[in-house]
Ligand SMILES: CCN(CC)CCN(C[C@]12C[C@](c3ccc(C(F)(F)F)cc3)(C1)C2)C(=O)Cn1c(SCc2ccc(F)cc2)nc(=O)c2c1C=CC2
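Read the single chain below, which is given as structure tokens and is the form predicted alone.
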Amino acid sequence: MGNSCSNHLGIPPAKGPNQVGCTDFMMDHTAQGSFFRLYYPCQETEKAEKPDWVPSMEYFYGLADFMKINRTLSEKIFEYLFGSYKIPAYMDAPFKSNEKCPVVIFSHGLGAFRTLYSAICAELASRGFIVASVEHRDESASATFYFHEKTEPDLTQESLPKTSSAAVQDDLVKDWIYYRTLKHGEREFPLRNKQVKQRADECILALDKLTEINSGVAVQNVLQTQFDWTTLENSMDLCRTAVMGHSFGGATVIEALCKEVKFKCGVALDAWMFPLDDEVFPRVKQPIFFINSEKFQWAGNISRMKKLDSEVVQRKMITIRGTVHQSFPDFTFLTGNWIGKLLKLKGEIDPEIAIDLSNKATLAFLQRHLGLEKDFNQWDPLIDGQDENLIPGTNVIVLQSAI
């Protein structure tokens, strides 16, 4: 068991041969538009800097709402614990790839946002993928924003400081959407089911926007970043696209595969299957890889995953020993041992060993089902759980009658 935790705190750098760049993209300033962080292979550059892990204070407020704690107190705690960390990618660095890049759309978990899975997204980009990490506007993110056009009352607010480093058009005003908690007596399924459908649509919209960018359509990024979007023309292999997500994002993977056949396969990290309609399961035709944590899963959830078992299409499942639900987001790398375990952000396994296994197994699965000519097949045994830190299938006992 790799259970001696790394002593240094920080998001681990990507291990692939490419340097990694990232940039933010918002097409259409309204809440119906597309908003994601893009990770991509980039040129080595002297000037580019690594962006803050948490883009602005509003995300801390949203995390406080999600965790049901006081905003003022939590702002100080979060700022102390996490305020200094950077993402392992260079902001707005010039794109560079010697070949067309396969594409992954990534969906975050409940109460998360677009930057919280940078260890996973940067690793994929370092291996030659273009990854769009969507920030969902369904009130399941801890916080997100869009813009409305300036009206008379807004003009009196002109002196207020801007909260984001990215410049925007002068006639737009930022609106925040915070995490929505269940109301007293409200049933959870109707809300989550509605959200998972919107989330899948947002993943598909992100793929549509990348398709436009790839075909050379001139795009207007509402966030006026330094990145040159025209360099992405004809850079993507859109016959090789996958969808990936964690927790609620894992359910989003299943819904997106059902709605969009352009996604050739899906990777669901510790998926939370509750939001999905039963009729979705038989309609999903693509390969799926479930990578689970040891501590989060339970029989009811696993039995829903097993409804996707197929004689015809590859459906795989592994469980990483010593992991917890939060072993997939970046939080796990940014807290010391005792506070990490207290807040259930860390399991028994070294978080870098866990994410490395998850990433390598993902790369092997993507090579197999996207038809990539890479060397990721060296990790094929991981897909079947062949490693001392992996369990083939699940550690949860599921009665056959439950499936």
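Position 1 is the first residue in the sequence shown; the rest follow in order. Since we're looking at a predicted model, the values are computed, not measured.
Just so you know, the form predicted together with the named molecule exists too; it's not on screen, but the next bit is about it.
J.: Select, from the options 236 to 244, 212 to 220, 125 to 133, 328 to 336, the stretch whose residues sit within 4.5 angstroms of the named molecule in the predicted bound form by heavy atom distance.
T.: In the other structure, the partner sits against 328 to 336.
J.: Any chance 66, 82 and 345 all have a heavy atom within 4.5 Å of the named molecule in the predicted bound form?
T.: Every residue of the spot touches the named molecule in the predicted bound form.
J.: Is it the case that residue 109, even though its partner is missing from this view, gets within 4.5 Å of the named molecule in the predicted bound form, heavy atoms only?
T.: Flag for residue 109 set to yes.
J.: Do residue 93 and the named molecule share at least one heavy atom pair within 4.5 Å in the predicted bound form?
T.: Heavy-atom contact with the named molecule at 4.5 Å: absent for residue 93.
J.: Determine whether any heavy atom of residue 145 comes within 4.5 Å of a heavy atom of the named molecule in the predicted bound form, and answer yes or no.
T.: Because no heavy atom of residue 145 falls inside 4.5 Å of the named molecule in the predicted bound form, the answer is no.
J.: Check whether residue 200 has any heavy atom within 4.5 Å of a heavy atom of the named molecule in the predicted bound form, and answer yes or no.
T.: Contact with the named molecule, no.
J.: Which residue, 178, 229, 281, 296, has a heavy atom that falls within 4.5 Å of the named molecule in the predicted bound form?
T.: So the residue touching the named molecule in the predicted bound form, by this definition, is 296.
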